[in-house]
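The chain below stands alone and is given in structure tokens; this is the form predicted alone.
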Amino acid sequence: MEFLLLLGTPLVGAAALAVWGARPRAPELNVVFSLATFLAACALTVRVIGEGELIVAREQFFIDAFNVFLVALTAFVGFTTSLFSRPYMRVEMEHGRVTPRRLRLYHSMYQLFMATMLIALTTNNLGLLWVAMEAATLSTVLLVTLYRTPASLEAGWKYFILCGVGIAQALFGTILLYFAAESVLGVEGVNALLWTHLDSVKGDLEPTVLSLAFVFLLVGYGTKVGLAPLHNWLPDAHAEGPTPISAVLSGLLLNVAVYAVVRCKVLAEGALRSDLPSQMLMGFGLLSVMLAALFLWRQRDIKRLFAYSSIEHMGIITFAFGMGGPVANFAALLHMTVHSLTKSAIFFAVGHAAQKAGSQLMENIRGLVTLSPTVGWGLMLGSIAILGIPPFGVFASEFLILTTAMKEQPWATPILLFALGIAFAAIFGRVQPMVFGEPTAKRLPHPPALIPVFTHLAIVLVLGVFIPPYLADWYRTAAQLIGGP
């Protein structure tokens, strides 16, 4: 029942808001559907923790400690983002940036986007995983191009082409995976793409085919993660789309793509019995961290700045999953959690700040702490948190990743420290005058939605000081399921 509500609620919401999405109460309706999805995710999480893994719909869907944690996180951030989008989109309407027709499109595609991510996270069928990832791309293309400006259309087209090419690579990798599985699970037909079946026989899969399949899967889904050098779509999509979409792209979609890569890595490692998949993840992760840190210095647009920060943190997470093992996997899962919460909170604050200034250029945003102390402090605290300053949770996860790297991959530690130092200087040097400089903006016609900002930051602060035992056990169980060298 909980599972049907989890997937059915956003699908019904997408259909309902396609009809009523332009009405005055449509933002509240969007919140109601998002809240119902979150409550269903909570109920499903309680059930999985209490009863163990769950297989439903003739084995087409599979929920364990690893993906149910991401389901709960996705539903929670989706709900808080819907709260933020209420006043934000109303201001956009009053400024003439969106029409009622586009508002209907925004609300319906928002719910459809949530549904596609939840399907991708819970499906047991790697073919359906590919379909859900492609559907997520198509729905977010419509959201990125919502404003219909030349820049947003260009960003949407780049996003569609690059992610389309990437997802085509993932399709070829999925076909190769089926080819490798057919000789072992051939009598099962399409069930040969079920992850649980593949995981049970991964040691018998053809290593040569699996190694080639993993390369295509990593490149394909890595494009959606935003791993360098496949990241070019991400800064444009974040900068030109509505800010609530920037929050869910950065905080949720990248996690879903990482999840797909990790599931494929488990199969590849079991078949190859080597550390090649781990080395590839570590290589792509370090390249992403370094490249993003260097590009941070060149940014003038506030949303592009934090888009490159997302690339940096996805690189850290990918590197941690590449190292593997209980501690690195635990740290990667914790980092996924705190990055999602912190980065979405930052985009919430950035959205209100850009609306106040009427510009996303950092040079035009000044004196937020004077003009709107809550927005200013929200942006400042979010920036401090994402830079890994204690006692926020990002510090705890990065500390675990760095100390594990010192022990297991000492050659990578100086690279990580150097990149983190560059990112710290670049982001802090730009955010400080935006918050404490001379004010240049005006007040908003609607009160900003800042409860989501400080709720997210409070959770991140708590996770940096104390991880509740049940949550720590949850992370440990998921880390053991992922395994690794």
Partner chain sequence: MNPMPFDVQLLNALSALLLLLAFAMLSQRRIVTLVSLLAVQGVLLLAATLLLAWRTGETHLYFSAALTLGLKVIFLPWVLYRLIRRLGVYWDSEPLINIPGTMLIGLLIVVFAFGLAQPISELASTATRSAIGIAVAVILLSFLMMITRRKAMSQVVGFLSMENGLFFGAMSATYGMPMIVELGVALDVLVAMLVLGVFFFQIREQFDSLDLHHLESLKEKR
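Positions refer to the first chain, counted from 1. Given the structure is predicted, the values throughout are model-derived calculations rather than measurements.
Unshown form predicted in complex with the partner chain; subsequent notes refer to it.
For the options 87, 367, 127, 270, the one in contact with the partner chain in the predicted complex, meaning a heavy atom within 4.5 Å, is 127. Only one of the listed residues (176, 228, 384, 72) places a non-hydrogen atom within 4.5 angstroms of the partner chain in the predicted complex, and that residue is 176.
For the three residues 55, 59 and 347, a heavy atom within 4.5 Å of the partner chain turns up in the predicted complex in no case. Although the partner is absent from this view, residue 113 stays clear of the partner chain in the predicted complex, with no non-hydrogen atom inside 4.5 angstroms. Although the partner is absent from this view, residue 304 contacts the partner chain in the predicted complex, with a non-hydrogen atom inside 4.5 angstroms. The partner chain in the predicted complex comes within 4.5 Å of a heavy atom belonging to residue 300. By the criterion of a heavy atom within 4.5 Å, residue 409 is excluded from the residues contacting the partner chain in the predicted complex. The candidate stretches are 261 to 269, 369 to 377, 234 to 242, 317 to 325, and the one lying within 4.5 Å of the partner chain in the predicted complex by heavy atoms is 234 to 242.
Counting a residue when any of its non-hydrogen atoms is within 4.5 Å of the partner chain in the predicted complex, the hits in 208 to 240 run 208, 209, 212, 216, 236, 240.
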